[in-house]
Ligand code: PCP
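Only one chain comes next, encoded as C-alpha coordinates, the form predicted alone.
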(Lines give C-alpha, C1' and ligand atoms only; values in the text may rest on other atoms or scores of the structure.)
Protein backbone atom coordinates (compact mmCIF):
# COMPACT_ATOMS: atom_id res chain seq x y z
CA UNK A 1 0.00 0.00 0.00
CA UNK A 2 2.88 2.38 0.73
CA UNK A 3 6.10 3.12 -1.11
CA UNK A 4 8.57 1.54 1.28
CA UNK A 5 11.12 -1.22 0.76
CA UNK A 6 10.34 -4.38 2.70
CA UNK A 7 12.77 -6.05 5.08
CA UNK A 8 13.18 -8.82 2.50
CA UNK A 9 13.98 -6.36 -0.30
CA UNK A 10 16.61 -4.62 1.82
CA UNK A 11 18.10 -7.84 3.18
CA UNK A 12 18.31 -9.43 -0.29
CA UNK A 13 20.29 -6.49 -1.66
CA UNK A 14 17.54 -5.28 -3.96
CA UNK A 15 17.40 -1.82 -2.36
CA UNK A 16 20.65 -0.84 -4.02
CA UNK A 17 21.98 1.12 -6.97
CA UNK A 18 22.06 -0.74 -10.28
CA UNK A 19 25.79 -0.24 -10.77
CA UNK A 20 26.50 -2.46 -7.78
CA UNK A 21 24.42 -5.25 -9.28
CA UNK A 22 26.32 -4.83 -12.55
CA UNK A 23 29.61 -4.81 -10.64
CA UNK A 24 28.65 -8.06 -8.93
CA UNK A 25 27.85 -9.68 -12.30
CA UNK A 26 31.16 -8.56 -13.83
CA UNK A 27 33.19 -9.77 -10.86
CA UNK A 28 31.47 -13.15 -11.01
CA UNK A 29 31.99 -13.42 -14.78
CA UNK A 30 35.70 -12.57 -14.53
CA UNK A 31 36.50 -14.63 -11.44
CA UNK A 32 36.99 -11.75 -9.00
CA UNK A 33 33.87 -12.28 -6.88
CA UNK A 34 35.82 -13.91 -4.07
CA UNK A 35 38.57 -11.29 -3.91
CA UNK A 36 38.80 -10.12 -0.33
CA UNK A 37 38.95 -6.43 0.43
CA UNK A 38 38.85 -4.03 3.34
CA UNK A 39 36.41 -1.16 2.84
CA UNK A 40 36.11 1.69 5.33
CA UNK A 41 33.36 4.20 6.01
CA UNK A 42 34.32 7.85 6.50
CA UNK A 43 32.69 11.29 6.36
CA UNK A 44 34.70 13.95 4.54
CA UNK A 45 32.72 16.78 6.12
CA UNK A 46 29.73 17.33 8.38
CA UNK A 47 26.63 19.40 7.56
CA UNK A 48 26.42 23.04 8.56
CA UNK A 49 30.04 22.96 9.82
CA UNK A 50 29.16 20.78 12.80
CA UNK A 51 32.35 20.07 14.78
CA UNK A 52 31.25 16.55 15.71
CA UNK A 53 28.57 13.98 14.98
CA UNK A 54 26.77 11.13 16.76
CA UNK A 55 26.97 7.74 15.06
CA UNK A 56 23.56 6.08 14.76
CA UNK A 57 22.06 3.20 12.77
CA UNK A 58 24.68 0.65 13.83
CA UNK A 59 22.18 -1.96 15.02
CA UNK A 60 20.43 -1.95 11.64
CA UNK A 61 23.79 -2.24 9.86
CA UNK A 62 24.55 -5.31 11.99
CA UNK A 63 21.23 -6.84 10.90
CA UNK A 64 22.01 -5.97 7.29
CA UNK A 65 25.35 -7.82 7.28
CA UNK A 66 24.17 -10.70 9.44
CA UNK A 67 24.54 -13.97 7.52
CA UNK A 68 27.07 -12.60 5.02
CA UNK A 69 30.68 -13.89 4.90
CA UNK A 70 32.12 -10.65 6.26
CA UNK A 71 33.69 -9.13 9.34
CA UNK A 72 32.53 -5.69 10.42
CA UNK A 73 34.32 -3.46 12.91
CA UNK A 74 32.53 -0.33 14.06
CA UNK A 75 32.43 2.40 16.67
CA UNK A 76 29.74 1.65 19.28
CA UNK A 77 26.36 3.15 18.43
CA UNK A 78 25.99 6.59 19.97
CA UNK A 79 29.72 7.36 19.74
CA UNK A 80 30.87 10.87 19.01
CA UNK A 81 32.83 10.98 15.76
CA UNK A 82 34.82 13.59 13.89
CA UNK A 83 35.71 13.84 10.22
CA UNK A 84 39.42 14.06 11.06
CA UNK A 85 41.61 13.05 13.97
CA UNK A 86 43.99 15.19 16.03
CA UNK A 87 46.57 15.19 13.20
CA UNK A 88 44.05 15.87 10.43
CA UNK A 89 43.70 12.30 9.14
CA UNK A 90 40.27 11.13 8.02
CA UNK A 91 38.55 9.01 10.63
CA UNK A 92 36.92 5.67 9.81
CA UNK A 93 33.76 4.95 11.79
CA UNK A 94 33.51 1.42 10.40
CA UNK A 95 35.26 -1.07 8.14
CA UNK A 96 34.05 -4.22 6.40
CA UNK A 97 36.35 -7.04 5.30
CA UNK A 98 35.37 -9.96 3.13
CA UNK A 99 34.80 -11.03 -0.50
CA UNK A 100 33.75 -7.82 -2.24
CA UNK A 101 31.42 -9.63 -4.62
CA UNK A 102 29.47 -10.87 -1.61
CA UNK A 103 28.76 -7.49 -0.03
CA UNK A 104 29.08 -4.84 -2.75
CA UNK A 105 25.30 -4.59 -3.28
CA UNK A 106 24.85 -3.67 0.39
CA UNK A 107 26.80 -0.42 0.20
CA UNK A 108 23.72 1.64 -0.71
CA UNK A 109 21.44 0.42 2.12
CA UNK A 110 24.32 0.42 4.61
CA UNK A 111 25.12 4.06 3.92
CA UNK A 112 21.44 4.97 4.00
CA UNK A 113 21.04 3.38 7.42
CA UNK A 114 23.99 5.33 8.82
CA UNK A 115 23.69 8.67 7.02
CA UNK A 116 20.13 9.64 7.92
CA UNK A 117 20.02 8.24 11.45
CA UNK A 118 23.36 9.88 12.31
CA UNK A 119 22.09 13.21 11.00
CA UNK A 120 18.98 13.03 13.17
CA UNK A 121 20.93 11.86 16.23
CA UNK A 122 23.50 14.62 15.81
CA UNK A 123 20.87 17.34 15.47
CA UNK A 124 19.06 15.96 18.52
CA UNK A 125 22.30 15.97 20.51
CA UNK A 126 22.95 19.59 19.55
CA UNK A 127 19.42 20.57 20.60
CA UNK A 128 19.75 18.74 23.90
CA UNK A 129 23.14 20.32 24.52
CA UNK A 130 21.60 23.76 23.99
CA UNK A 131 18.55 22.96 26.16
CA UNK A 132 20.54 21.60 29.08
CA UNK A 133 18.34 20.21 31.85
CA UNK A 134 15.10 21.30 30.17
CA UNK A 135 12.72 18.64 28.85
CA UNK A 136 12.98 18.15 25.08
CA UNK A 137 10.41 16.05 23.18
CA UNK A 138 10.64 14.81 19.59
CA UNK A 139 7.69 16.24 17.64
CA UNK A 140 8.91 15.85 14.07
CA UNK A 141 7.66 12.57 12.63
CA UNK A 142 4.72 14.29 10.91
CA UNK A 143 7.26 15.98 8.60
CA UNK A 144 8.60 12.70 7.22
CA UNK A 145 7.26 9.50 5.66
CA UNK A 146 5.41 7.59 8.40
CA UNK A 147 7.42 4.45 7.68
CA UNK A 148 10.44 6.31 9.06
CA UNK A 149 8.81 7.23 12.38
CA UNK A 150 10.54 4.49 14.42
CA UNK A 151 13.95 5.34 12.95
CA UNK A 152 13.53 9.08 13.47
CA UNK A 153 12.34 8.84 17.06
CA UNK A 154 14.94 6.18 17.91
CA UNK A 155 17.73 8.38 16.55
CA UNK A 156 16.32 11.49 18.27
CA UNK A 157 16.05 9.66 21.60
CA UNK A 158 19.53 8.18 21.28
CA UNK A 159 20.81 11.67 20.50
CA UNK A 160 19.66 12.81 23.92
CA UNK A 161 16.02 13.89 23.66
CA UNK A 162 13.99 13.04 26.74
CA UNK A 163 10.84 11.69 25.08
CA UNK A 164 9.03 11.22 21.76
CA UNK A 165 5.45 11.89 20.76
CA UNK A 166 4.86 9.27 18.04
CA UNK A 167 3.22 6.08 19.34
CA UNK A 168 5.15 3.63 17.16
CA UNK A 169 8.29 5.72 17.68
CA UNK A 170 7.90 5.41 21.44
CA UNK A 171 7.58 1.64 21.07
CA UNK A 172 10.91 1.58 19.21
CA UNK A 173 12.69 3.15 22.20
CA UNK A 174 10.77 1.39 24.95
CA UNK A 175 9.21 4.58 26.33
CA UNK A 176 5.72 5.99 26.78
CA UNK A 177 4.73 8.57 24.14
CA UNK A 178 4.55 12.15 25.39
CA UNK A 179 2.27 14.86 24.01
CA UNK A 180 -0.25 17.55 24.83
CA UNK A 181 -3.23 18.54 22.65
CA UNK A 182 -3.73 19.97 19.15
CA UNK A 183 -5.47 23.20 18.21
CA UNK A 184 -8.06 20.98 16.51
CA UNK A 185 -9.41 19.81 19.88
CA UNK A 186 -10.08 23.38 20.97
CA UNK A 187 -11.57 24.41 17.63
CA UNK A 188 -13.89 21.39 17.41
CA UNK A 189 -15.15 21.98 20.95
CA UNK A 190 -15.44 25.70 20.24
CA UNK A 191 -14.06 26.89 23.55
CA UNK A 192 -10.61 26.79 25.12
CA UNK A 193 -11.76 26.29 28.70
CA UNK A 194 -14.16 23.51 27.71
CA UNK A 195 -11.36 21.71 25.86
CA UNK A 196 -8.88 22.05 28.73
CA UNK A 197 -11.43 20.78 31.24
CA UNK A 198 -12.41 17.91 28.95
CA UNK A 199 -8.76 16.89 28.68
CA UNK A 200 -8.50 16.98 32.46
CA UNK A 201 -11.68 14.93 32.92
CA UNK A 202 -10.95 12.26 30.29
CA UNK A 203 -7.20 11.67 30.45
CA UNK A 204 -5.66 9.30 32.97
CA UNK A 205 -4.19 10.87 36.13
CA UNK A 206 -0.59 10.11 35.07
CA UNK A 207 -0.91 12.22 31.90
CA UNK A 208 0.46 15.72 32.62
CA UNK A 209 -2.15 18.48 32.15
CA UNK A 210 -0.59 20.73 29.51
CA UNK A 211 -2.90 23.36 28.06
CA UNK A 212 -2.35 24.80 24.58
CA UNK A 213 -2.77 28.57 25.05
CA UNK A 214 -2.47 30.35 21.73
CA UNK A 215 -5.59 29.40 19.77
CA UNK A 216 -7.79 32.51 19.83
CA UNK A 217 -6.49 35.10 22.29
CA UNK A 218 -3.18 36.57 23.44
CA UNK A 219 -0.92 33.91 24.95
CA UNK A 220 -0.80 35.43 28.42
CA UNK A 221 -4.58 35.81 28.52
CA UNK A 222 -5.14 32.16 27.61
CA UNK A 223 -2.41 31.08 30.04
CA UNK A 224 -4.23 32.83 32.87
CA UNK A 225 -7.54 31.29 31.74
CA UNK A 226 -5.99 27.81 31.76
CA UNK A 227 -4.45 28.30 35.19
CA UNK A 228 -7.73 29.51 36.64
CA UNK A 229 -9.61 26.61 35.04
CA UNK A 230 -7.32 23.78 36.20
CA UNK A 231 -5.52 25.30 39.19
CA UNK A 232 -3.00 23.01 40.87
CA UNK A 233 -3.68 20.27 38.32
CA UNK A 234 -2.21 22.33 35.47
CA UNK A 235 1.34 21.15 34.81
CA UNK A 236 2.26 23.47 31.95
CA UNK A 237 1.01 25.78 29.24
CA UNK A 238 2.19 25.23 25.67
CA UNK A 239 2.89 28.03 23.23
CA UNK A 240 2.88 26.88 19.61
CA UNK A 241 2.64 30.42 18.25
CA UNK A 242 3.47 30.54 14.51
CA UNK A 243 6.43 32.67 13.52
CA UNK A 244 4.23 35.10 11.63
CA UNK A 245 2.41 36.04 14.87
CA UNK A 246 5.22 35.91 17.39
CA UNK A 247 6.98 39.24 17.21
CA UNK A 248 9.52 38.91 20.02
CA UNK A 249 8.88 35.35 21.23
CA UNK A 250 11.17 35.73 24.24
CA UNK A 251 9.17 38.77 25.35
CA UNK A 252 5.91 36.80 25.06
CA UNK A 253 7.41 34.10 27.29
CA UNK A 254 8.46 36.68 29.87
CA UNK A 255 4.96 38.13 29.91
CA UNK A 256 3.35 34.71 30.38
CA UNK A 257 5.77 33.82 33.16
CA UNK A 258 5.17 37.10 34.95
CA UNK A 259 1.38 36.96 34.76
CA UNK A 260 1.29 33.36 36.01
CA UNK A 261 3.71 34.04 38.85
CA UNK A 262 1.98 37.09 40.28
CA UNK A 263 -1.29 35.13 40.40
CA UNK A 264 0.26 32.28 42.38
CA UNK A 265 0.81 29.84 39.51
CA UNK A 266 4.57 29.48 39.79
CA UNK A 267 4.21 25.71 39.51
CA UNK A 268 2.95 26.00 35.90
CA UNK A 269 5.76 25.45 33.42
CA UNK A 270 6.09 26.99 29.97
CA UNK A 271 6.34 24.47 27.12
CA UNK A 272 7.31 25.72 23.65
CA UNK A 273 6.97 24.20 20.18
CA UNK A 274 7.09 25.32 16.58
CA UNK A 275 10.19 26.14 14.54
CA UNK A 276 12.73 25.49 17.30
CA UNK A 277 16.39 24.50 16.97
CA UNK A 278 19.63 24.70 18.93
CA UNK A 279 20.21 28.31 17.89
CA UNK A 280 16.98 29.78 19.32
CA UNK A 281 16.46 27.54 22.34
CA UNK A 282 19.09 29.19 24.62
CA UNK A 283 17.46 32.62 24.31
CA UNK A 284 13.97 31.20 24.95
CA UNK A 285 15.23 29.15 27.88
CA UNK A 286 16.73 32.28 29.41
CA UNK A 287 13.36 34.03 29.00
CA UNK A 288 11.63 31.36 31.11
CA UNK A 289 10.80 28.36 28.90
CA UNK A 290 11.30 25.03 30.66
CA UNK A 291 10.34 22.44 28.02
CA UNK A 292 10.56 22.22 24.26
CA UNK A 293 8.85 20.19 21.56
CA UNK A 294 11.27 20.13 18.63
CA UNK A 295 10.08 18.79 15.31
CA UNK A 296 11.19 19.69 11.80
CA UNK A 297 14.75 20.75 12.59
CA UNK A 298 15.44 17.27 13.98
CA UNK A 299 13.30 15.00 11.79
CA UNK A 300 14.53 16.82 8.66
CA UNK A 301 18.12 17.06 9.84
CA UNK A 302 20.71 17.08 7.07
CA UNK A 303 22.21 13.66 6.47
CA UNK A 304 25.82 12.88 7.29
CA UNK A 305 27.60 12.28 3.99
CA UNK A 306 29.30 8.97 4.77
CA UNK A 307 31.09 7.14 1.96
CA UNK A 308 32.55 3.64 1.70
CA UNK A 309 35.92 3.12 -0.01
CA UNK A 310 38.14 0.10 -0.54
CA UNK A 311 41.48 0.63 1.21
CA UNK A 312 43.03 -2.84 0.94
CA UNK A 313 42.83 -5.67 -1.61
CA UNK A 314 43.91 -9.27 -1.08
CA UNK A 315 47.27 -9.94 -2.68
CA UNK A 316 48.02 -6.27 -3.30
CA UNK A 317 47.90 -4.89 0.21
CA UNK A 318 47.01 -1.25 0.97
CA UNK A 319 45.44 0.62 -1.95
CA UNK A 320 42.97 3.45 -2.22
CA UNK A 321 41.69 6.03 -4.66
CA UNK A 322 42.90 9.61 -4.60
CA UNK A 323 42.00 11.46 -1.43
CA UNK A 324 41.82 8.31 0.69
CA UNK A 325 44.43 6.62 2.87
CA UNK A 326 45.23 2.98 2.08
CA UNK A 327 45.30 0.14 4.58
CA UNK A 328 43.14 -1.19 7.39
CA UNK A 329 43.07 1.21 10.32
CA UNK A 330 42.16 1.48 13.96
CA UNK A 331 40.80 4.62 15.60
CA UNK A 332 42.13 5.35 19.08
CA UNK A 333 40.41 7.72 21.50
CA UNK A 334 41.29 9.34 24.79
CA UNK A 335 38.26 8.68 27.04
CA UNK A 336 38.98 11.81 29.08
CA UNK A 337 39.26 14.51 26.41
CA UNK A 338 37.79 12.67 23.40
CA UNK A 339 40.88 13.27 21.27
CA UNK A 340 41.29 10.76 18.42
CA UNK A 341 44.24 9.29 16.54
CA UNK A 342 44.07 7.10 13.42
CA UNK A 343 46.71 4.35 13.36
CA UNK A 344 47.44 1.29 11.16
CA UNK A 345 45.41 -1.67 12.37
CA UNK A 346 47.46 -3.76 14.77
CA UNK A 347 49.78 -0.91 15.77
CA UNK A 348 50.47 -0.34 19.46
CA UNK A 349 48.00 1.96 21.15
CA UNK A 350 49.32 5.52 21.44
CA UNK A 351 49.24 8.01 24.28
CA UNK A 352 46.86 10.97 24.05
CA UNK A 353 48.74 13.86 22.40
CA UNK A 354 46.72 16.33 24.47
CA UNK A 355 46.74 14.95 28.03
CA UNK A 356 49.19 12.05 27.80
CA UNK A 357 46.62 9.48 28.96
CA UNK A 358 46.01 5.99 27.59
CA UNK A 359 43.84 5.78 24.49
CA UNK A 360 41.24 3.11 23.70
CA UNK A 361 40.44 1.38 20.38
CA UNK A 362 37.07 2.54 19.02
CA UNK A 363 36.57 0.17 16.07
CA UNK A 364 35.30 -2.99 17.72
CA UNK A 365 33.97 -6.27 16.30
CA UNK A 366 30.31 -5.96 15.31
CA UNK A 367 29.93 -8.91 12.92
CA UNK A 368 32.34 -11.83 12.48
CA UNK A 369 31.81 -14.38 9.75
CA UNK A 370 28.24 -13.19 9.38
CA UNK A 371 27.44 -13.56 13.07
CA UNK A 372 26.62 -10.55 15.25
CA UNK A 373 29.17 -10.65 18.07
CA UNK A 374 28.68 -7.25 19.69
CA UNK A 375 26.09 -6.47 22.30
CA UNK A 376 23.31 -4.31 20.87
CA UNK A 377 22.33 -2.02 23.75
CA UNK A 378 18.82 -0.73 24.35
CA UNK A 379 18.14 2.86 23.23
CA UNK A 380 18.08 4.14 26.82
CA UNK A 381 21.59 2.77 27.42
CA UNK A 382 22.90 4.31 24.20
CA UNK A 383 21.28 7.64 25.12
CA UNK A 384 23.07 7.59 28.49
CA UNK A 385 26.37 7.03 26.67
CA UNK A 386 25.64 9.99 24.38
CA UNK A 387 24.78 12.29 27.28
CA UNK A 388 28.03 11.36 29.06
CA UNK A 389 30.00 12.36 25.96
CA UNK A 390 28.01 15.59 25.51
CA UNK A 391 29.25 16.79 28.89
CA UNK A 392 32.77 16.86 27.39
CA UNK A 393 31.79 18.57 24.12
CA UNK A 394 30.98 22.10 23.14
CA UNK A 395 28.82 23.59 20.42
CA UNK A 396 30.52 25.87 17.90
CA UNK A 397 28.53 28.80 19.30
CA UNK A 398 28.19 30.08 22.83
CA UNK A 399 25.25 28.91 24.93
CA UNK A 400 24.54 31.22 27.83
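Source: prediction; values computed, not measured. Numbering follows the first chain given and starts at 1.
Beyond the structure shown, there is the form predicted together with the ligand, which is absent from this document and is the topic of what follows.
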Does any heavy atom of residue 213 come within 4.5 Å of a heavy atom of the ligand in the model of the complex? no
According to a 4.5 angstroms non-hydrogen atom cut-off, is residue 295 in contact with the ligand in the model of the complex? yes
Would you please decide whether residue 85 lies within 4.5 angstroms of the ligand in the model of the complex, comparing each non-hydrogen atom pair? no
Residue 240 within 4.5 Å of the ligand in the model of the complex, heavy atoms: yes
So, a 4.5 angstroms cut-off on heavy atom distances: do all three of 54, 132 and 384 pass it with respect to the ligand in the model of the complex? no
From the list 308, 96, 276, 80, which entry has a heavy atom within 4.5 Å of the ligand in the model of the complex? 276
Contacting member of 182, 174, 327, 247, with respect to the ligand in the model of the complex [4.5 Å, heavy atom]: 182
Answer among 166-174, 140-148, 219-227, 107-115 for heavy atoms within 4.5 Å of the ligand in the model of the complex: the stretch 140-148
